[in-house]
Ligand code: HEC
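Before any questions on how it binds or moves, here is one chain, the form predicted on its own, in structure tokens.
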Amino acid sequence: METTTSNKIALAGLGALLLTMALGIFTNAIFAPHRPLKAGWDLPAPKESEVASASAKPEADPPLPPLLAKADPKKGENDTKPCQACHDFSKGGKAKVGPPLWGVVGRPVASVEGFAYSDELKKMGGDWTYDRLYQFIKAPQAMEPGTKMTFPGDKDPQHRADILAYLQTLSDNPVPFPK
């Protein structure tokens, strides 16, 4: 009699396992995800005009003096909002992630005492001119590969000119704009 009871218990346990497995197979068959034969999506082919414009050389920046002539320091101050996360613009400001930018125009490159500049920037030499800053703001990594500055750059020439006009106001002896 004991064998009959233990056989019933074993049969109930095996039946429950079999039912669970069958239920799993059944639900996988119903809810199976659709797997495409080829991964990805078909993208539309570019138009001939897009291919031609992509292969053309990028447009050169307009000359800097006319841009500076119509530059707005107030807009430039607003355009430096992303810069303020890493740079201090106040007189006597301390280095943050980047060096302070008060009086940067005309200052020697990599010259703020106590700030750890990248080796590439130290090798650059010379002073920060409007043209150099204009190019650096456009694409820091392209101008000085290996620079620690992670800012991707600002491609809009007028934004960069406005920023330079704002930087001109951040000096006791502002450097005049080039003619």
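Just count from 1 along the sequence shown to find any residue number. Everything numeric here is computed off the predicted structure, so don't read it as measured data.
The following text describes the form predicted together with the ligand, which does not appear among the structures shown.
Asks: So, I163 and the ligand: in the predicted bound form, are they within 4.5 Å at any heavy atom pair?
Replies: Although the ligand is absent here, I163 would touch it in the predicted bound form, with heavy atoms inside 4.5 Å.
Asks: May I ask you to check whether G106 falls inside a 4.5 Å heavy atom distance of the ligand in the predicted bound form?
Replies: Heavy-atom contact with the ligand at 4.5 Å: absent for G106.
Asks: Does L121 reach the ligand in the predicted bound form, with heavy atoms at most 4.5 Å apart?
Replies: Looking in the predicted bound form, residue contacts with the ligand include L121, since a heavy atom lies within 4.5 Å.
Asks: Is there any non-hydrogen atom of T147 lying within 4.5 Å of the ligand in the predicted bound form?
Replies: Answer yes; at least one heavy atom of T147 falls within 4.5 Å of the ligand in the predicted bound form.
Asks: Going by heavy atoms, what in 73 to 107 lies within 4.5 angstroms of the ligand in the predicted bound form?
Replies: Residues within 4.5 Å: P82, C83, C86, H87, V97, G98, P99, L101, V104, R107.
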